[in-house]
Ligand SMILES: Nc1ncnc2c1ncn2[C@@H]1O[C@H](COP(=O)(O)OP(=O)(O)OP(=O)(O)O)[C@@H](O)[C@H]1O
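Next up is one chain by itself, shown in structure tokens, the form predicted alone.
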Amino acid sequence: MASGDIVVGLDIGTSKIATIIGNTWQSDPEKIEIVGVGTAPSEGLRKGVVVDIEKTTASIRESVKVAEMMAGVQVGSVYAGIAGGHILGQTSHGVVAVSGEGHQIIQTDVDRAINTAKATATPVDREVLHVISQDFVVDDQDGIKHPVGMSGIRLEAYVHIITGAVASVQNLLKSINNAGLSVEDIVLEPIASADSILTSDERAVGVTLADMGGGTTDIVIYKDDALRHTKVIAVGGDHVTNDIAQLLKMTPYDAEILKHRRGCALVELIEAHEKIQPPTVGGFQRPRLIPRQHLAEIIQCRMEETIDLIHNEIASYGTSTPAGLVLTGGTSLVSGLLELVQDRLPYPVRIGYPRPLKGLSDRVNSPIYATGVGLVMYGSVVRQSTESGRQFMKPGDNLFGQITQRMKEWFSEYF
């Protein structure tokens, strides 16, 4: 298997770290075969942010090792997912005069317009992760996706810029580099999840994806085939687990198991006579039976809060998304959640699974792996683009030097 055909997605989450190895078959992104899958408990992160580099590095090594053994290859570089409350998204606007002969727009004009939008003031403590084109305006004609070849005097570009805190990005990169891996690119996790789940029709008419992880719920809104809005909500599945642990007097480990085995997010789905026996702490308490509905009440209360936060974010965006809401991530698998959301929200809702691929597709056919599969798909496309070969950071590199260089390149293109 040629090393150039291998694309690796590294999903570094609060609850788990997943490594997905894909073979693109002669670098064809349309023919991805999953050849290796590895997971490990995530140690060293809180709410999507690295708080212990040593523990995070050890978890990454464990996940990658499992995937390498399954695939029979050695991983040297990855496309890494990033999330956390430090992530911010904003839409920026740039305007240039058309310079082409006869006022015909050429690619250079498009690049200059995008670079002008990029030049929006970015604080020194922020790192630009993505600059994603939305629409172009030629003179007074808006809603244009591909302006090259059109005639006009004035070209405007609207882009969505996603940034992260430099310190948080640096700690994530250090953890990956310390595991002996180079980083080909950093990708916002819900964007990767969207790549593996959403259809072209959903992106066109308007859709919201909520990636419900352990520490955060990450939201992206697409409309007219473009990313329009991003938001990270600091509520996730771990909050549900902690509620169960505190109210039912058990360890978070036991609460997590109980949540997935006997939990339900909608009380009315549970029969009144059903009982459960929660584990005790240290074995010093006598075994007890409690109504299963009591556990469901705890879960439903927190889930309703999360659903309302998602709905408020969609409402604040100000534009309808007819394709509704797609839920993914590990927390989306809690029993009864889909029914609860459908009862509570006035638009279509579904659970998002990664699209079928070749190879070990059955091993990743779960919302848990949506981000990892999306990272592989994202990487395979980037490998074929004109930006192919860019390496974000490798062991020994200086992050701040790389940020400075990237900003210099942007400004030199325009100024």
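Don't overthink the numbering: it's just position in the shown sequence, from 1. Note that this is a predicted model, so its numbers are computed, not measured.
One more form of this protein, predicted together with the named molecule, exists but is not displayed; see below.
Practice prompt. Kindly confirm or deny that 16, 48 and 237 each have some heavy atom within 4.5 angstroms of the named molecule in the predicted bound form.
Written response: Yes, each of 16, 48 and 237 comes within 4.5 Å of the named molecule in the predicted bound form.
Worksheet item: Which residue, 278, 89, 152, 214, has a heavy atom that falls within 4.5 Å of the named molecule in the predicted bound form?
Response: After the contact test, the surviving option is 214.
Discussion item. I need to confirm a contact call. Of 146, 260, 288, 249, which residue comes within 4.5 Å of the named molecule in the predicted bound form, counting heavy atoms only?
Written reply: Flagged contact: 260.
Worksheet item: Taking the shortest heavy atom distance, is residue 156 within 4.5 Å of the named molecule in the predicted bound form?
Response: Flag for residue 156 set to no.
Fill in: Contact test in the predicted bound form: residue 330 vs the named molecule, heavy atoms, 4.5 Å
The answer is yes: residue 330 has a heavy atom within 4.5 Å of the named molecule.
Item to complete: Give a yes/no on whether residue 334 approaches the named molecule to within 4.5 Å in the predicted bound form, heavy atoms considered.
Response: Yes.
Worksheet item: Is residue 64 one of the residues lying within 4.5 Å of the named molecule in the predicted bound form, judged by heavy atom distances?
Response: No, residue 64 sits far enough from the named molecule in the predicted bound form that none of its heavy atoms falls within 4.5 Å.
Practice prompt. Work out which of the listed stretches, 214 to 222, 161 to 169, 267 to 275, 122 to 130, brings a heavy atom within 4.5 angstroms of the named molecule in the predicted bound form.
Written response: One stretch meets the cut-off, namely 214 to 222.
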